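Form predicted on its own, single chain, as structure tokens, below.
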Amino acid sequence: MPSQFSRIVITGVGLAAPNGNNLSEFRQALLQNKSGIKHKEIRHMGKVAAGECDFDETKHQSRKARRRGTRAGATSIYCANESLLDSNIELSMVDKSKIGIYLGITEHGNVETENEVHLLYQNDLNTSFWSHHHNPRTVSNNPAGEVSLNLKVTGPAYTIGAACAAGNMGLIHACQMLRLHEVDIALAGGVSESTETFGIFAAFGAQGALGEHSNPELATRPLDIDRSGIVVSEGGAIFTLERLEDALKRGAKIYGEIIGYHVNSDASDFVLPNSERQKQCISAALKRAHLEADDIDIVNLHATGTVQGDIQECQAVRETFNLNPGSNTHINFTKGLIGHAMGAAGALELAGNLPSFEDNFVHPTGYLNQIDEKCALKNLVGKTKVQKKVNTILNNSFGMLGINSSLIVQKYRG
């Protein structure tokens, strides 16, 4: 069979989320509507709502290596190792030059730069306080590079900058590389260290788009009439991807098969979304998967909690899917429980829905109390999980500068 027709499957998942450090914990938190949002003290900002992870940074690397590296790198190392363990791949038994590492990111290097500038000004602008580790910490390929160093993988290892569409993009790029036989195994997904930097909080605050509430769990309420904006979160989700024939040969368990995707650009505004382009992206992903809209069981919305972002996406979904009372398609979103994990968002949100193929539940969406009528969608899951048979998931991730991605995963059918 020609390589471009190779079927690509997910055989491992490793993740760190604000409400879980593995797929089982994360899934249970989502099904139980358990939020991972808390208040955090941020330099120059005071107390803000944020989604922080609490995983063991040195489970898979030495303390010395962690001191030299970054939070994003530590997250990536943790998730990549957990994904490989979950996939039951023994690195000593495979060709490490044929393993690719493709990680989606938003910003990177802000944390180290902010910290060192702060230290500089605390010490009379003495540049001797500037770390000699600064350059390797702040180059954009750092998270993937740290994984490569940690695992001693000699295949291609790099990041994909695609704003908040990046988590999907890591997976899409990995599929393409596997089909081209550039690699035999891919570690792909997205990571973010955004809660470690005050700049992103300050920027969303300046835009009037930073979610706030005395109860931090209520600071992120996508689609709700009382939503106030984005809650910045961190985390990561890295999947092990393989060609189906290779996975079957080694008897791997299969979480799902990637059957469709599309990426396009708005070309219309720096930050404001474009509903028509989003609709085109979703439709093209469906076409690639040879599916009709009603064949999709779950649509996971990007749903950041900003007014225009929510409205534009809901319009795109409403016009694409025939959401009548008898429709097969149910809609959910994940940011109401974990906040916006930026480069990790799409990957984490896909991971949170993958177990639906086995447990046949659509997870709830957090504190959605009163829907904004402009965001009204039939079959939108609220505070209570919905039981239904699930065979297909469509995952939306959209980002600044008008980058859109949609990814479709299907239950493996043999």
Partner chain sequence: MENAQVREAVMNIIADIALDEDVTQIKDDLALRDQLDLDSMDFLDIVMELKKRHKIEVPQEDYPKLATMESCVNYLGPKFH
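Residue numbers count along the first chain shown, from 1. Computed from a predicted model, the values in this text were never measured in an experiment.
The form predicted together with its partner chain exists for this protein as well; it is not shown, and the discussion that follows is about that form.
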Under a 4.5 angstroms heavy atom criterion, identify the one residue in Ser92, Gln122, Ser128, Ser214 near its partner chain in the predicted bound form. Ser128
Which residue among Lys249, His290, Lys152, His132 has a heavy atom within 4.5 angstroms of its partner chain in the predicted bound form? His132
So which of 384-392, 56-64, 28-36, 359-367 is the stretch with heavy atoms within 4.5 Å of its partner chain in the predicted bound form? 56-64
If we define contact as a non-hydrogen atom of the residue within 4.5 angstroms of the partner, is Arg68 a contact of its partner chain in the predicted bound form? yes
Exercise: Gly109 in contact with its partner chain in the predicted bound form, heavy atom 4.5 Å: no
Even though its partner chain is not shown here, does Pro136 get within 4.5 Å of it in the predicted bound form, heavy atoms only? yes
